[in-house]
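What follows is a single chain, given as structure tokens, in the form predicted on its own.
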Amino acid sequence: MKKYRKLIVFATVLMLLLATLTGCGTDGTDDDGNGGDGATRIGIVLPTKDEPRWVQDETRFNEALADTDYSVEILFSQGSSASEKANVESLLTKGIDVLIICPHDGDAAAAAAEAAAAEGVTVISYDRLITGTDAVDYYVTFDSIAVGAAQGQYLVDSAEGEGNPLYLYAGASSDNNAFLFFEGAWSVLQPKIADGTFVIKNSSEAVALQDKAELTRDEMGRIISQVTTNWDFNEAKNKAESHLTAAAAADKGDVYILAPNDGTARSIADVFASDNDVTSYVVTGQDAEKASVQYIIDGKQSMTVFKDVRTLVKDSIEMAISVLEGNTPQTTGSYNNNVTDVPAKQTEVIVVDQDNLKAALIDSGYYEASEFTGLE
């Protein structure tokens, strides 16, 4: 009888052991469905779901990773640096090895990057550069200076004669890219401001500096503080309304508008279009958002700088996988983030207007023609 009881105890222990092993995932997955033990993972943090651009990036990331052996979790910070840090900390508890992060605020994101680096996680700054820390390993970006230069050049190429009213707008002063965009635009516009082709109408700081071909970061910051949209549609709208209210009829007519991205371009364009003293306007943008593509088709927005997110995402994923496989990612240059030179991979940009919209965005497979009306 004693021997029989021992056999029962042994069988019970064996069954519990088997149940424990089954619960741990003997099929090679952990409890959250990720491959292996969850240690080889890519965490991605994007700024907000409130802008079509970042929702588009989420889709492209999921598509790019669908055929890989690496799992991914994508979180949104909703325009909050505190939420951004919390998102990073959440991903760290899940054992990520690579963090791809597009910071809401470049300086504020330094703390999140440092937390990841302290855990041995490779930090890839995505599209926007994390500043003020040496905890950034790589930067994947479009050539932001080239984006601004393309916007400025479009305005220059569209202008005739002298005295053309120029309205300047910029992104958020917390975003390093906003400075790079403005730097690129200023490099092209300033000579045409100096020779009288354009007359700045909405920034006293820009007027005071209009004879300087190259601006310091502090000087750019003074201008941007006057014309920032903070990447916010409503703020762009309110600022444009305020500028037009203060402007005399002579400061309107055929106007030229440097708008930093598509969302703000649409808001600003709507304001200028509703002003009876504005005869016509040329307005820039970037990101090739669907709504702005339709605006370009309809003649309500002049151009956008197309940044093919498929390529940027592809570069990011290739870089992350290279790190996970123990290799050194390929880079094409570097950007100084005020502490260190961050190795970077740059992606080219394309200017899109009515003339090449179909070829650049539809024929390339980026969008479907059925997503738009009036497309010829």
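Since the structure is predicted, the reported quantities are computational estimates derived from the model, not experimental observations. When you see a residue number, it is the position in the sequence shown, counting from 1.
Beyond the structure shown, there is the form predicted in complex with a small molecule, which is absent from this document and is the topic of what follows.
Classify Trp54 as contacting or not contacting the small molecule in the model of the complex by the rule of any non-hydrogen atom within 4.5 angstroms, answering yes or no. Taking the distances in the model of the complex, the answer for Trp54 is yes, it comes within 4.5 Å of the small molecule.
Can you tell me whether Asp137 touches the small molecule? I mean in the model of the complex, with a 4.5 angstroms heavy atom cut-off. Output for Asp137 is no: heavy atoms all beyond 4.5 Å of the small molecule.
Going by a heavy atom distance of 4.5 Å, is Asp287 a contact of the small molecule in the model of the complex? Result yes; Asp287 sits at the interface with the small molecule in the model of the complex.
With a cut-off of 4.5 Å between heavy atoms, is Asn261 one of the residues that contacts the small molecule in the model of the complex? Contact check for Asn261: yes, within 4.5 Å of the small molecule in the model of the complex.
Considering the small molecule in the model of the complex, which of Ser292, Ser71, Ser302, Asn177 comes within 4.5 Å of it through any heavy atom? Exactly one listed residue reaches within 4.5 Å, namely Asn177.
Among the candidate residues Tyr169, Phe306, Phe181, Phe198, which is the single one with a non-hydrogen atom no more than 4.5 Å from the small molecule in the model of the complex? Of the listed residues, the single hit is Phe181.
Work out which of the listed stretches, 78-86, 213-221, 126-134, 148-156, brings a heavy atom within 4.5 angstroms of the small molecule in the model of the complex. Partner-contacting stretch among the options: 126-134.
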